[in-house]
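Only one chain is shown below, in structure tokens, and it's the form predicted alone.
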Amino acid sequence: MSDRLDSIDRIDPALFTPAPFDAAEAERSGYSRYSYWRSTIRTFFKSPLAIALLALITILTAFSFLYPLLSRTDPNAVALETARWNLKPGAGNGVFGTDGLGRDMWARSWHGARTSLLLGFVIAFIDVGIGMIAGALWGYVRRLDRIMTELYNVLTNIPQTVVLILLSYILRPGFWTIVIALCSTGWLSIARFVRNKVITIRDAEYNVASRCLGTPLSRIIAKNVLPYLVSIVIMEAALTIPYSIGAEVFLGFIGLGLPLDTVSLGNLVNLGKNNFFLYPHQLLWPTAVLATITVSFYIVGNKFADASDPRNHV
């Protein structure tokens, strides 16, 4: 007992000096420098694969839109000399060779990529926009729940392939026909995801507390709701773009896509399959461009969706 008292006596009293109170430091201790978008971008760029594919998407998209403006090569120019037909890729034959009418496959591939990307961007913008608005109303307005649920159950039980084929037969084949056909039911799945998320967030305790404290609705949406919906929006947009391009390829494959005089990846794949065994380059190169675009968008969309989820922020 005496040894313990001696050890206590040897403790330096300076260690127990009370710390002075500083109001500024006290406020700073509860302050966070957290920024949602800064954390999202930092988390996204931690993945080397995401960085590489994002750079690839940027280059492909920029090249697809700039090449038709800067190049003087007409993608529909037919060669009168039969010696220029069905040339394999090589020196003097073009980077991707020529097709059955001597048209430059390099120029046609990038003109087609521009058309398909533009189609994908337009459909993604319309689908996500309508889906977000409809999903938010579906989740917040309780009286709409039954109506929207019945509409969702009816329309989603109709195979979308049937809808695409019927609308393509009814309307004149063209760019906006495919947009209408894909957007007619494409927004429903997005609205369903948004509705489920909005219901969960709406009844969360921190949102109830915010409303009780008189927090403005705009701040609740910006701080409490939007960060949890960004991942859904980005994910759906990233998936809609390759799906739209794939649907255009499918419609072109069955002869209901864009007109043949419109250069698109779907038409190139449709034409290339006819001569695949004799001239495989006419199918392989457009397919390679198509696969690169769709796979890159899909992976980058998944990576950004994960990065935009606040639960993954440290």
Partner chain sequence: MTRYILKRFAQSLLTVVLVLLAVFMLLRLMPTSGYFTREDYTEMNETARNAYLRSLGVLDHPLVQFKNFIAKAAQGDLGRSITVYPRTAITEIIAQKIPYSLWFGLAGIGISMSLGLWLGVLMARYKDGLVDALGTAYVVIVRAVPSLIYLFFIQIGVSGLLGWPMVFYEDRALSWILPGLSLALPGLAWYAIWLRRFMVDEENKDYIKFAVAKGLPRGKVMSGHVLRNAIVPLVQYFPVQLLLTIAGSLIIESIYSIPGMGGLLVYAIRQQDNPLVQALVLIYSVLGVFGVFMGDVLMALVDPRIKLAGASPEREAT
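Since this is a predicted model, take the numbers as computed values, not measurements. We call the rigid core whatever largest set of C-alpha positions still superposes within 1.5 Å between the two forms. Positions refer to the first chain, counted from 1.
Quick note: we don't show the form predicted together with its partner chain, though the next part is all about it.
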Quick one: of S47, T287, T262, S39, which gets a non-hydrogen atom within 4.5 angstroms of its partner chain in the predicted complex?
T287
Give a yes or no on whether each residue among V249, G255 and L283 has a heavy atom within 4.5 Å of its partner chain in the predicted complex.
yes
With a 4.5 Å heavy atom cut-off, would you call I170 a contact of its partner chain in the predicted complex?
yes
With the cut-off set at 4.5 Å between non-hydrogen atoms, does V154 touch its partner chain in the predicted complex?
yes
Can you work out whether F276 and its partner chain are in contact in the predicted complex, taking contact to mean some heavy atom pair no more than 4.5 Å apart?
yes
Is R84 close enough to touch its partner chain in the predicted complex, meaning at least one heavy atom pair within 4.5 Å?
no
Among 178-186, 142-150, 202-210, 105-113, which stretch sits within 4.5 Å of its partner chain in the predicted complex, heavy atoms only?
142-150
What residues of 288-307, in sequence order, lie within 4.5 Å of its partner chain in the predicted complex by heavy atom?
L290, A291, T294, V295, Y298, I299
Using a rigid core superposition, assess whether L290 undergoes a CA shift of 2 Å or more between the shown form and the other one.
no
